[in-house]
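One chain comes next, on its own, written as structure tokens: the form predicted alone.
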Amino acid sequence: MTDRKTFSATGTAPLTRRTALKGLAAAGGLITAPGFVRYAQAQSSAPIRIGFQCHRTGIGASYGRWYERTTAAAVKLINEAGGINGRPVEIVIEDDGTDAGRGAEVVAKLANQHKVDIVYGTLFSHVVIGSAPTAEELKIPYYVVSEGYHVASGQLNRWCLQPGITDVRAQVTSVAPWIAANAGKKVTMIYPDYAFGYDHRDYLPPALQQAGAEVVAKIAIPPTETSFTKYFPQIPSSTDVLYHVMVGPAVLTFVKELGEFYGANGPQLFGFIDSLEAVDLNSPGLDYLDGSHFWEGFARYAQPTDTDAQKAYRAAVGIDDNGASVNDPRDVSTAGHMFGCWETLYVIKQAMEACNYQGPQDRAKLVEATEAITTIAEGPEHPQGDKVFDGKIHQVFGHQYISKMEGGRLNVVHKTSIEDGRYEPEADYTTQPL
């Protein structure tokens, strides 16, 4: 089912315009006029239509729900500030079911039936990989919010870009030295048996080795698995650190069974928040994780060091200090990832304005304008932090956060530098024709 509308307050918190404007003004003046912003003169008054390939159903549904809310909040503010090139932004949603085959069909439907200008918003790596050839065939820019290394690796094509969230290779490269120095030297990896997990499998070991540690075992688990006890005997007794990246509805079972297997004598735990996105950390059984550490892209819990921009962003997307919906404390966000939607939309806005985008005839110019972006400043449009964009590999690099689970909440204990995650590019999309 398609939801065709210009986002206003749909899916966002019951936030007054005055509150949002005050918060963003304090963060750096993104909104300059309080209400009733008129659209500037433009060659066309028709909306810029962004096709949102959304995981409304399937294994990614919890992400899709919060990606949709974050998108709504960002578009609301973009439109209140005058839109893009003087035109309002309209989001057209199609559910891909978090399915690779359906994802390709969604890209084609958005382009051919709904006549969108670009496609945006995809998270799960197998859906991105399955959809990318269709984007290339139709010559439509495809802005993903996925994390997978598939964009930066050169596996995809020039029409695919990831300018709003870092990739797994950069993430694991950034955190590996901290793991080796603070958690242990012998690491066993547990990861999902598909492309996202393979990025962890392939890039954590060399990063740990460089930091003086090693991976002693790699255990791949099907994403549809519902019980995990049978895998735990594969963990070597020499393991100092259990590195876990589990995704899906069975994660609570994973933690519960892990606690039953080890009791109080298990190795140190280091996980990616992907394992617990949209999950209440005070759920029964998760107390086993107390004292362990997690990677986060954006802190779920409000921190004492939060900037004005981060506070305004949290208010705009409707999450409280615990990272849950302001309307329902049981509705926990996917805060570690969904900021990428907000930041990607503002990169799209920046690139469209740089190339004076007017319509589909300017799609190639839009890709080139995005490739020309280099540095991204922290602020209301990019609350997660400053970043560097590499136009050759269509990938952004930024800061990562390591948080400790204490008393049922996550407290940030380390912030990496951008350089901590940089690596030598293996591709150059700019050599491909558009």
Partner chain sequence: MAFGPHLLLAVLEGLVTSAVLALTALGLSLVFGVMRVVNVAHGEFFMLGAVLAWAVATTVGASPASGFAAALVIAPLIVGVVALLAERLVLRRVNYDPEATIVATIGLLYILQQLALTFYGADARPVPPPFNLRISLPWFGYSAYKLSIIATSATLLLLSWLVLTRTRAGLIMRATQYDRETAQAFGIPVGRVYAAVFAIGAMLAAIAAVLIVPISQAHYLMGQDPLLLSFAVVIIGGLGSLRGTVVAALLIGVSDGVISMFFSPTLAKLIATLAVAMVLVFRPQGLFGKVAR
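Please read these numbers as outputs of a predicted model, since none were measured by experiment. Positions refer to the first chain, counted from 1.
Another form, the form predicted together with the partner chain, is not on view; read the next lines as being about it.
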Partner-proximal stretch of 379-387, 397-405, 365-373, 56-64 relative to the partner chain in the predicted bound form, 4.5 angstroms, heavy atom: 56-64
Flag residue 233 as yes or no: does it have a non-hydrogen atom within 4.5 angstroms of any non-hydrogen atom of the partner chain in the predicted bound form? yes
Within a 4.5 Å heavy atom cut-off, is residue 238 in contact with the partner chain in the predicted bound form? no
Applying a 4.5 Å heavy atom distance criterion, does residue 304 contact the partner chain in the predicted bound form? no
The partner chain contact at residue 257 in the predicted bound form, heavy atom, 4.5 Å: yes
Option touching the partner chain, based on a heavy atom within 4.5 Å in the predicted bound form, out of 353, 225, 321, 137: 225
Just give me the single entry in 273, 250, 309, 92 that has a non-hydrogen atom within 4.5 angstroms of the partner chain in the predicted bound form. 250
